[in-house]
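Taking the form predicted on its own, here's one chain by itself in structure tokens.
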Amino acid sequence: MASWVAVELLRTGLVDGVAHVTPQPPLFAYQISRNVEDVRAGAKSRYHPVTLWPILEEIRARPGRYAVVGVPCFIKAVHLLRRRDPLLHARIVFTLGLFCGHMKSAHFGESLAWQIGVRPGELAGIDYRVKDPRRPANWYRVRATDAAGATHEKDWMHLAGGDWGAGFFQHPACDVCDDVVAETADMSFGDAWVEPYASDGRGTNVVVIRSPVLLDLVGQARAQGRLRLDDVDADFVARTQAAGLRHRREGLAYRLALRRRHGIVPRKRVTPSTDLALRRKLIYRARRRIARDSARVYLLARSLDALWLYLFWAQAAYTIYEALAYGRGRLGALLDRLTPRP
């Protein structure tokens, strides 16, 4: 849907360019696409850190109307810049947001690639979500391309760090973020992680429209039979992102309480609180530890050329997290008896 809207904005002349993330050396970067073909060629999920700065400079340098696609923190940053910069305010006319669980460091993709046979320094390309209509959409599969052009692929579930919710390589700033659905964007797009949509290998989007112009754009396409969308309520949208919202509400309140002991606590929509079940506290602590230590252990393993070191640590850390979050294994059974899941 994000690509469809971007194409439609260009096709109807509402914008002259769309800023979005595309494959570029060394792996990904923002570019401004000024035709439909380039937008479509750049369509894909990119779980990779990038910077907005080059395209902001291009927008300042070249007159026109632009749409910017980004995760929640990027879209909010764009609005804050627009507030201070009259030129950006005039030229960035639409923001298209992507639902977000958290941001990963570049080492996340590199670690997946190393596990399937592409060594650090040899990674020439990566597709984080290889699409296959015959498989459930939530069975993520990664494909990495090495410097010689050979491809290697494997399901995330069989790789260390493949459980997104465990927090491997999470950016530290994400610990205090409370925006899952890109609330400041004119239109937001996410995966419909509820059945029967989650099992549909073609993929299904859930969208939130906040712009009258975009609502009219979508409405016309629906009336013409060019889009198939079902109206849903806010509760449905929340259910599709239940885990992320829990982490950014209940979990955020607990993380803020932990930060209060050690330093500055940002003001968020939830207040610091430790009033939750012990099992939930342990889960949030495990995620924080994994996010922090995954980068450290991986960099050590990388410097020693010892993938086994990272895998050994990751398996041990994930076994504990898996037992806490899902009650799996003997440790999980023991924890279920000692600290029942709420």
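Numbering starts at 1 and follows the sequence shown. What you are looking at is a predicted structure, and each value in this text was computed from that prediction instead of being measured.
Although it is not shown, the form predicted in complex with a small molecule is what the next lines describe.
Checking G251, G109, G161, G190 for any heavy atom within 4.5 Å of the small molecule in the predicted complex turns up a single hit: G190. The stretch from 97 to 105, 117 to 125, 141 to 149, 77 to 85 that comes within 4.5 Å of the small molecule in the predicted complex, counting heavy atoms only, is 97 to 105.
When contacts are judged by a 4.5 Å heavy atom cut-off, S3 counts as touching the small molecule in the predicted complex.
In the predicted complex, V21 approaches the small molecule with a heavy atom inside 4.5 Å. Put simply, Q241 is close to the small molecule in the predicted complex: some heavy atom of it is within 4.5 Å. At least one heavy atom of V69 is located within 4.5 Å of the small molecule in the predicted complex.
Contact check at 4.5 Å (heavy atoms) against the small molecule in the predicted complex: none of F169, R255 and R288 pass.
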